[in-house]
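Next up: a single chain in C-alpha cells, the form predicted alone.
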Amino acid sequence: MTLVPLLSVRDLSVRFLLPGGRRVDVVSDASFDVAPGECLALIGESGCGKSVLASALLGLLPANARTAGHAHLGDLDLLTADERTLARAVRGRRIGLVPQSPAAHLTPVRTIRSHIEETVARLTGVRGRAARRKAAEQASLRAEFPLGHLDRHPHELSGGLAQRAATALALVGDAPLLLADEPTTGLDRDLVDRTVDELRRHVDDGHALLMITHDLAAAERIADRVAVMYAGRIVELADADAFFGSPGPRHPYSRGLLEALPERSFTPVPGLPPELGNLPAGCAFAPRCDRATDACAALPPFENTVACHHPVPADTSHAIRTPEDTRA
C-alpha cells in the first residue's frame, strides 16, 4: 500500500542574490516525498545545499534568498506561507527541528530546563509547574539528556549535550514531521546509536522524519529511503536496503560515498565538489567521475531514481562488497 506523503516537495530551488547582480543557485529542482512512518535520509558532502533546503522548508532563509517550486505539508505550501503562519502553526507544531548548530538556537542566559518547560507550555498547553517539570524531564530522557544537567546553561554544555538538548526540544511538540539537521554531531558512537534509535521510535509511532546527515552509518541504521545531493541537486533516490546493500547505489557519486567508508574499500572520492556559484552547464560531478563522456556536458535528466547519463547497471553483480564479503 502506497502511503499518502505528509511532505511533498516538487522542483524546489533556492538562489541567493549577491551584490553586483551575482546569483548563486544553492538548491536546484529538488523533488521528493516523506510519508508518515518513514525516514528519508538526505546525504552528501558539506556545502551541497542540504541545510539550505531544510531552512527553505521552515521559512528561515536570509532576506536575499529567492525560492521556486512547491513544498506541500498537507494543504499548506511552505514556500508561500507567511511568517505569521509559519511561526504560529508550523514551527514546533507541525514541523519539529533539530538544528545543525544547537548552541546558536539556545538562549545563553536561560537554563535548559527553562527552555524545555517553556516549549512544553507553548506547544502542549500544560500549565501547572509540576506537570511542566515532569514533561520536560520525560522529553530529556527520550533524547538521552541527563536530568542532572537540566539546570545548566548552554555554555556549560559540551557540543554533544547541546545536541541532545536540541533533540529534546524538537520532540516536545510531537510534530507530525521532524526535520533533523545533523542530529548526531558531537556524539560518541554509543550515543549516536541511542539517538538514532529514539528518532526511529518516533518514526515507528507514525511520524515522518527528514534527516540530513554526513553519518552514513546512522543513515543506514534509521533510513527507509535515501536521497543523495550533489552540488545543489538530488542525484539519486533509493530504498535504504538496496542503497546500503545489494545492488548498491547507481549514481557514481553515491557509490563513491559508500566506497570511501573504512568498512568498505576506504577509497575517497577524487577531487573536490564545485563552487555553487560556478557550476558547469552539464553534470557537476563529471570532472570527478571515471564514467564521464562527452554526453555529460549536458545536464542529465532524473530518470529511474537516478540523474546520470551513465549510471551503474542495476544488477547484483555491481553490488559494493565489504571486506567481510571479500574474505568470504
Partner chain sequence: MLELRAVTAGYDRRAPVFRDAHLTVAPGEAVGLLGPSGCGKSTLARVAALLHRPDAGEVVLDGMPVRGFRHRAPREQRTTIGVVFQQPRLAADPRLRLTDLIAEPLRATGRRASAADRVAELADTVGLTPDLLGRRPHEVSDGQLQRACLARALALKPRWLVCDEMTAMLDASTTAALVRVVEDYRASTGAGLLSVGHDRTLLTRWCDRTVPWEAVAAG
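Quick caveat: nothing in here was measured; it's all calculated off a predicted structure. Residue numbers count along the first chain shown, from 1.
One more form of this protein should be noted, the form predicted together with the partner chain, which is absent from this view; the next part is about it.
Which is the contacting stretch out of 128-136, 81-89, 209-217, 237-245, given heavy atoms within 4.5 Å of the partner chain in the predicted bound form?
In the other structure, the partner sits against 209-217.
V269: heavy atom within 4.5 Å of the partner chain in the predicted bound form?
Contact check for V269: yes, within 4.5 Å of the partner chain in the predicted bound form.
D188 near the partner chain in the predicted bound form, any heavy atom under 4.5 Å?
Within the cut-off, so yes.
Would you please decide whether S265 lies within 4.5 angstroms of the partner chain in the predicted bound form, comparing each non-hydrogen atom pair?
It does: once the partner chain is placed as it appears in the predicted bound form, S265 has a heavy atom within 4.5 Å of it.
Residue-level contact is defined here as any heavy atom of the residue lying within 4.5 Å of the partner chain in the predicted bound form; does V203 satisfy this criterion?
No.
Taking the partner chain in the predicted bound form as the reference, which of M229, L73, A121, L257 has a non-hydrogen atom within 4.5 Å?
Flagged contact: L257.
Identify which of E275, D290, E303, D294 has a heavy atom within 4.5 Å of the partner chain in the predicted bound form; exactly one of them does.
Spelling it out, the residue with a heavy atom inside the cut-off is E275.
So which bits of 17-46 sit within 4.5 Å of the partner chain in the predicted bound form, heavy atoms only?
Residues within 4.5 Å: E45, S46.
Have a look at V26 and G159: in the predicted bound form, are their Cα atoms closer together or farther apart than in this form, given the change is 3 Å or more?
Their C-alpha distance grows by at least 3 Å in the predicted bound form.
How does the C-alpha distance between S158 and E198 change in the predicted bound form compared with the present structure, closer or farther, given a change of 3 angstroms or more?
Closer is correct, given that in the predicted bound form the C-alpha spacing of S158 to E198 is reduced by at least 3 Å.
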